[in-house]
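In structure tokens, the next block holds one chain alone, the form predicted alone.
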Amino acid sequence: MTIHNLYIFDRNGNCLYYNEWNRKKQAGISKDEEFKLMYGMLFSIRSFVSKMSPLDMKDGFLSFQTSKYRLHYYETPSGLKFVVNTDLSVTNARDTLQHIYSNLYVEYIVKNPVCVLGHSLDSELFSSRLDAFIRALPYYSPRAA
């Protein structure tokens, strides 16, 4: 069980934060291009799910999986998008993403007068607390394949 990486996007598609833990394969493109592709894919999937769902989905798009990884998605009421990629053994990381938002992002970014909302998250305290939180998760494994 492992966590590969985490993205935080604002409502306009700008990547505010990115970190990797156990990512084995790089995309082969620049990080900016990777961020644009990820946001574009999320935008398309959300649109597809909302149009094709036979039910009125309260939470909307939550996750999808490939044969190698699972992408978990959480969107806040303000339009922030939290995305984490894990291996297939992690079935639901919604609570983890909600915790990152409410207990880390809000506490160390929103309530920090030095941090400017809508800009890249450069808070060392946020990064260190997030890293400690991720490493303490039961499904984090530093040597997963």
Partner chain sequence: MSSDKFLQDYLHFTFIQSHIYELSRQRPTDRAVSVSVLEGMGFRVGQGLIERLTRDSPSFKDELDIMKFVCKDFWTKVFRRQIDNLRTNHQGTYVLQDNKFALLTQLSSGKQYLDQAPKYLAFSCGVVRGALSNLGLDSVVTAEVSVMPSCKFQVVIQKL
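Not measured: the values here are computed from a predicted model. Residue numbers count along the first chain shown, from 1.
Keep in mind that the form predicted in complex with its partner chain is not shown, yet the notes after this line are about it.
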| item | value |
| --- | --- |
| Location of its partner chain contact in the model of the complex, chosen stretch of 101-109, 40-48, 74-82, 22-30 [non-hydrogen atom, 4.5 Å] | 101-109 |
| In the model of the complex, Asp131 touching its partner chain (heavy atom, 4.5 Å) | no |
| Its partner chain contact at Cys115 in the model of the complex, heavy atom, 4.5 Å | yes |
| Contact label in the model of the complex: Leu137 to its partner chain, heavy atom within 4.5 Å | no |
| Heavy atom contacts to its partner chain in the model of the complex at 4.5 Å, residues of 114-130 in sequence order | Val114, Cys115, Asp122, Ser123, Glu124, Leu125 |
